[in-house]
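So this one's two forms of a single chain, laid out as structure tokens and tagged structure 1 and structure 2.
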Structure 1
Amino acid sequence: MAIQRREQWSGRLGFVLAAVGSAVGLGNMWRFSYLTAENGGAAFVLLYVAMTALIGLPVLLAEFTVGRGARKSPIQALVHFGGTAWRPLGALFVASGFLILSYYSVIAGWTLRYSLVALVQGFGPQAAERFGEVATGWDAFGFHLGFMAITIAIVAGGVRKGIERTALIVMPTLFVVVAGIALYAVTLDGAAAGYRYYLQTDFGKLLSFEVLHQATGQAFFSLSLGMGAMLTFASYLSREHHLPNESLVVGGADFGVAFVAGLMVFPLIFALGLSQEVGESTVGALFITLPTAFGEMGMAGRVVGFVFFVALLVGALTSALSLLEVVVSSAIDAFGWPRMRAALVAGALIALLGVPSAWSTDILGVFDGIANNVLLITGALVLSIFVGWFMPDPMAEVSAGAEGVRWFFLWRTLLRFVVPIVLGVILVLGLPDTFVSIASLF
């Protein structure tokens, strides 16, 4: 067999921006805002930060370690270190990639639609009716296909020429736009009420299992963990990289964008007295409330609305790249396909799987719940057990490029005991809710 050199990032910046691009997406703006609104504001934010630090970062570092160590796509990387018994975990990763991208792309399609609406006609009244029309059916499906086509084209372009180049261009733009809108939001009347709502803690909620459950799911979703996305990106790295530093940078940037996104979303909502609408716990809240706000703000609203939805769109795009790359790199390694064919076949199948989500936001919500509350948590749970207990020498792998770091034993201890116990409890206690939500569809 011909030995093909594995693709690599051009350097540190390319890798970090691609990984941050994966992490920062709809999760930071759409999901984070509506979960925060639903779960008691700052109580949720606090639990989310705690779960990110205690559970998210160790799992992120574990994914980086396995990926860079094996330099293979997820299934083969796990087999490389653990033997064929671990193949099902890799298969679970790939299946999660399929499911998540199928509905993620439908939401990304809404953002594509809204960007165009802002550009050509501006936002009018009756945002809720409008959302009902564009969010489901052929409209939603068409924009979902459009978004998938862009994603497929970039992933087909390769790691460096496709994924990395896109991240280098759009991520810095996204940071500037989000910070810019947050600064603009300070000037709005009613901004203070928005901040208060966002940052005032309902301490009672700190003890609620439901809030903890949502915060943990969000920590994984936002960091792109539990399905081998970060593992796959790290497989294109060389051994000089300081993995612990990279995970801190990625985790910090991801939290930073989510936090600032809250500073932009809540003042906008409260400035126009639309707060009662966020309480309605639908996945579409952000797509109804904000366009209403933009519509009432005249020309300024149109401009701000346009850059807002474009930021959401490009954030979604760099995340979708990582989701598709998991499936594509697996197909390349497993079947020896050229990248182009792998991207087309995987992308087409995922586009098809998006059909139910494009026709019903309820189904979309249930897919999102299954992915976050079951698949990602299971994936991360088994991966932490793998790295903590079964992988031959994770300490040697993680130390390459980071010699002399003294807290690695802490990382391993978290992976061995704390992460599996916390995730196991959350997984089991959360199952009834997931069943109820699935049953509610019928």
Structure 2
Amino acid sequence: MAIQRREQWSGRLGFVLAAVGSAVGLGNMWRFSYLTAENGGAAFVLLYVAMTALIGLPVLLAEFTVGRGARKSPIQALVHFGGTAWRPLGALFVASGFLILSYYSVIAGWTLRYSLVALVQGFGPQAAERFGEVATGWDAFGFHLGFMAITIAIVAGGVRKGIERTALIVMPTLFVVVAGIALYAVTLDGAAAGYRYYLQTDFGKLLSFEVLHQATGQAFFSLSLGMGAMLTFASYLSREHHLPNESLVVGGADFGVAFVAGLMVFPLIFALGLSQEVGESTVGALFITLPTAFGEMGMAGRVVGFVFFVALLVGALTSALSLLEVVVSSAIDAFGWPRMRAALVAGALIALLGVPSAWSTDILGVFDGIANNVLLITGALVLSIFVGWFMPDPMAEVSAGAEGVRWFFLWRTLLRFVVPIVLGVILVLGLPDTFVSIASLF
């Protein structure tokens, strides 16, 4: 088996933008905004920030610590620190990335299709019918394959020349686009109603267990935790990197994009009198309500719609790169394959698994439920227990490059006690919905 020299990021900026790109995805552009509007506005934001600090950032720092310390992909990293008994946890990370990318690329294919529609012909009044046509069948399958081909090509280029170079170009573009559309939305008549809907404050929601559950889940999922992506990206870091600072930057940028996305989405919807169509937090709503709004805006809507769906596409692509890299890095470490071969084989198998999702949104929903409600939560839960209780001297590993930090004892305490309890509750609460969705297929 050939021994390959492990790649490294060329610098901090490339790593941070790639990690932020992994975290920023389709959920940031719609789900956070919707949950904020429906769960107390500023009150939900406070809970989200609190849960990010108590749950999200500790798990993110744990993934960074294991990845950088072992400098290996998830399976090999867990074996490095914990022995073969922890191999199944690494395998769970790889399986999660494999499954998620299989259906995520179908959704990303929708964004690619809508970007082209906006560019070529614009959006008509029949957005719901259009979505029904493009969401499943041969069109969905074709754009799924097209998106996977783009993802495979970039990952095959390597960490520096592929993933990092892409992140350095597209992530600043994404930030500018989101901020630009948000500023444009300010000029629309009726935008104030959208802001009120988005940020109306109901502090009574702070006492709601359901809202707390929603905030915790969003804080966890939005950071791409529990799938080994952040662990894998950190494996390409040198020991000079200040891991706590990197965690704070990634978490802050992820929240910033999600929050500003709401400032562009809801003013557009309310300015055009479509508030009654904001009925449920689904991907379908993202591809129906907003295209309807863009269609009502004429030529301006065509331009804004194109830019918006390109931004969605960028968010989907950067997340997809991290998911595929988890599988590719693991194949390289396990089999000694060259990167090109690993990317092609892994990408082809993932694309094949995505075929059922391209033909049925019900199957896509079941895959999503299994991944989000079971696999990711379980992976992060077990990782927190591993780093908190079983990893040899994680305090020394996380302190490398960050010797002046004084709160690492608090970090390990959260991993030992708070994170497992909270994630355990979320896991139990999510199981019934998962079982129901699976049963609905039969």
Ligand code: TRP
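Keep in mind it's a predicted model, so treat the numbers as computed, not measured. Take the two forms, find the largest set of C-alpha atoms that superpose within 1.5 Å, and that set is the rigid core. Sequence positions of structure 1, starting at 1, serve as the residue numbers.
Taken from the form predicted together with tryptophan, structure 1 is distinct in origin from structure 2. Relative to the superposed core, G40 undergoes a Cα shift of 2 Å or more between structure 1 and structure 2. In the core-superposed comparison between structure 1 and structure 2, L207 has its Cα shifted by at least 2 Å. In the core-superposed comparison between structure 1 and structure 2, R31 has its Cα shifted by at least 2 Å.
Superposed on the core, the two forms differ at A50, whose C-alpha moves 2.8 Å between structure 1 and structure 2.
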